[in-house]
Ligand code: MTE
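Quick setup: one chain, the form predicted alone, written in structure tokens, and binding and motion questions come after.
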């Protein structure tokens, strides 16, 4: 396993590490190599001995459990899932003005990655614990110490159990066959940087719900009260800002939204006249069915081909898709745009304004890029 990153890795913050690969590297392979997989952390990586690690399962269950990594690997069947994880703040840089920079990680379109994960189905483990009838949500808590970040957000807590990164998902999603307790990534033990020895893997949800360095799972009638569920990962209408926000009125983020991104040509690239390959990725909580590309700012569109470059992996409803097309553009300035739809009929807004929010989440309007053809 590896915690090392590729030499071209874009580092937004070094401690804790937050960064991702350049877009050409991201688009180069259907499965993202671990050394290129984006990193999103709120605190330093905890030091955990896999041999002494234990996962507690408690709350509204008939039989509380305390499981070692060896217990999970021995007593529950192992499953693999090809799943794309995306940070809720992916593409945030497209909405930041100069006054907002430095307040949040200024992600471009690199806060995303697709991997083959291995682990026990959460449903199998919860069946051993026996959920009680009142259980409606599953809360997860990590072993990272987010005290420093909580202080800067005026959310300091005296509860030691709430100083880790946490979140929750509905019990129905916890029991879905795709949701895993993951201990493997791309054919190797799960690296510490990506949550090892154990993380929750929640396909189709924002990456924040796939809690890393997993220490505790609690079943309850209500969602988690952890800062990162109750306050941090929420969206608000455009009129709300940091001065007038009422945290309880925000929408707590869960399922993903349709997103599509231009990876090639690279931002700022000048292209020669003639055939030009336009390529990128698209993702949603449901399979992508259509991607369209425009070279005139959205006045006309052409369908892009959805590629089958899956490196031999079986089709996965939880993985991104690659798309591409070839355009013949005359010399001059062009505005490239991309938009997509998924199998549930979800699409993307044309502009940022309707979905602008001061937290910089759920950025998924048509991506636009200026291109000079010589």
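Positions refer to the first chain, counted from 1. Just so we're clear, the structure is a prediction, and the values are computed from it rather than from any experiment.
One more form of this protein, predicted together with the ligand, exists but is not displayed; see below.
J.: Choose from 323-331, 31-39, 52-60, 342-350 the stretch whose residues reach within 4.5 Å of the ligand in the model of the complex, heavy atoms counted.
T.: That would be stretch 31-39.
J.: Any of the heavy atoms of residue 85 lying within 4.5 Å of the ligand in the model of the complex?
T.: So residue 85 counts as contacting the ligand.
J.: Is residue 280 close to the ligand in the model of the complex, meaning a heavy atom pair under 4.5 Å apart or at it?
T.: Looking in the model of the complex, residue contacts with the ligand do not include residue 280, since no heavy atom lies within 4.5 Å.
J.: Even though the ligand is not shown here, does residue 210 get within 4.5 Å of it in the model of the complex, heavy atoms only?
T.: Judged by the heavy-atom cut-off of 4.5 Å, residue 210 is in contact with the ligand in the model of the complex.
J.: Is it the case that residue 257, even though its partner is missing from this view, gets within 4.5 Å of the ligand in the model of the complex, heavy atoms only?
T.: No, residue 257 sits far enough from the ligand in the model of the complex that none of its heavy atoms falls within 4.5 Å.
J.: Looking at 91, 137, 199, 81, which has any heavy atom no more than 4.5 Å from the ligand in the model of the complex?
T.: Exactly one residue meets the criterion: 199.
J.: Flag this candidate site as yes only if 301, 335 and 364 all have a heavy atom within 4.5 Å of the ligand in the model of the complex; otherwise mark no.
T.: Answer is no for this spot.
J.: Hey, which residues along 221-238 are within 4.5 angstroms of the ligand in the model of the complex, non-hydrogen atoms only?
T.: Result: 233 alone.
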